[in-house]
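Consider the single chain below, provided in structure tokens and representing the form predicted alone.
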């Protein structure tokens, strides 16, 4: 590689890293506890636990829906969800209006057998950490900004890989020059840890960027696929009386054999139209349980209106979300993700130190050069 090419890549690596450094540190520091958010919520008492029951007969979806409305008078149901990792719980989302803002929603957990209210979900300190990590309390603008920082992070990784060979070609792999100056030792550690974690950093960086586009992707789906699915109902008023949720669940499962309901969106919510329930179905394998299939059902009769697979860009989003936090392989994968997150913090911090140390080294040299050029008084 020519010297000029190396200098160009070095400038790209330096400035993409510097511009995104503070925000990457924020993302790494908040991402670390989020890897263990469920365990932390349980430890702090913010994770509702199902009751023990002698009978395994589950409460019907309509019974849970009625319990959710009774627990929040004057508000409406937006969603009812069933978490595959918590089969003893059913989550209900209520809000002031069907299309109410997500920040105004209240999420409660109900026992899947007795439909008893167990407590709120999504409260406590981890909610603050999550908001800092996803949008810095700045809404969609914050998400897109962090997405841009994520893209700079990816460019910094790629440029770092390009520069790795020119800067280390005379050294054996994993060489740490302990007898050299402190800056040189940190450079060796920076290069070593960076190249060891490069694949993980690219995966987490790219999935993080994709996650910041979630709302844009959903809007695109609503404007195209969903609009086509509800076109036959154009001009019809919203349902006056909603179909039984029990009927909706049964018909949705008939329309998607071999799948189960992940969550149901009520008419008028952001995931469906003003006239339809939307049942989002999932499979039973590690991969298919992440890929949802929407089934639209008439809000008054519960009859199936349409069912289509999600487009590829939304499937990519659904896969990227758990992959970003290492939520695929249980505790062993979470521990690996946490260790790699910690190493990435070291890479970011050492990179900042190297830049500061380099500028500090240049400052005296520039001062000496200026003194030599200054006129000598006669």
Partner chain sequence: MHGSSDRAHLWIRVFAAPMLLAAATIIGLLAALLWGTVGQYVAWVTVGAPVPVVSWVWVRRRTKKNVRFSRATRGN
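Positions refer to the first chain, counted from 1. Keep in mind the model is a prediction, meaning the values are calculated, not measured.
Keep in mind that the form predicted in complex with its partner chain is not shown, yet the notes after this line are about it.
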Going by heavy atom distances of 4.5 angstroms or less, which of 44, 309, 26, 336 would be at the interface with its partner chain in the model of the complex?
336
Only one of 349, 342, 33, 329 gets a heavy atom within 4.5 Å of its partner chain in the model of the complex. Which one?
329
Complete contact of 197, 287 and 322 with its partner chain in the model of the complex (any heavy atom, 4.5 Å):
yes
4.5 Å heavy atom contact, residue 1 and its partner chain in the model of the complex:
yes
Please determine whether residue 169 contacts its partner chain in the model of the complex, using a 4.5 Å cut-off between heavy atoms.
yes
In the model of the complex, residue 185 touching its partner chain (heavy atom, 4.5 Å)
yes
Is residue 164 close enough to its partner chain in the model of the complex to count, meaning some heavy atom within 4.5 Å?
yes
With the partner removed from view, which of 173-181, 295-303, 73-81, 246-254 is the stretch that lies within 4.5 Å of its partner chain in the model of the complex, judged by heavy atom distances?
173-181
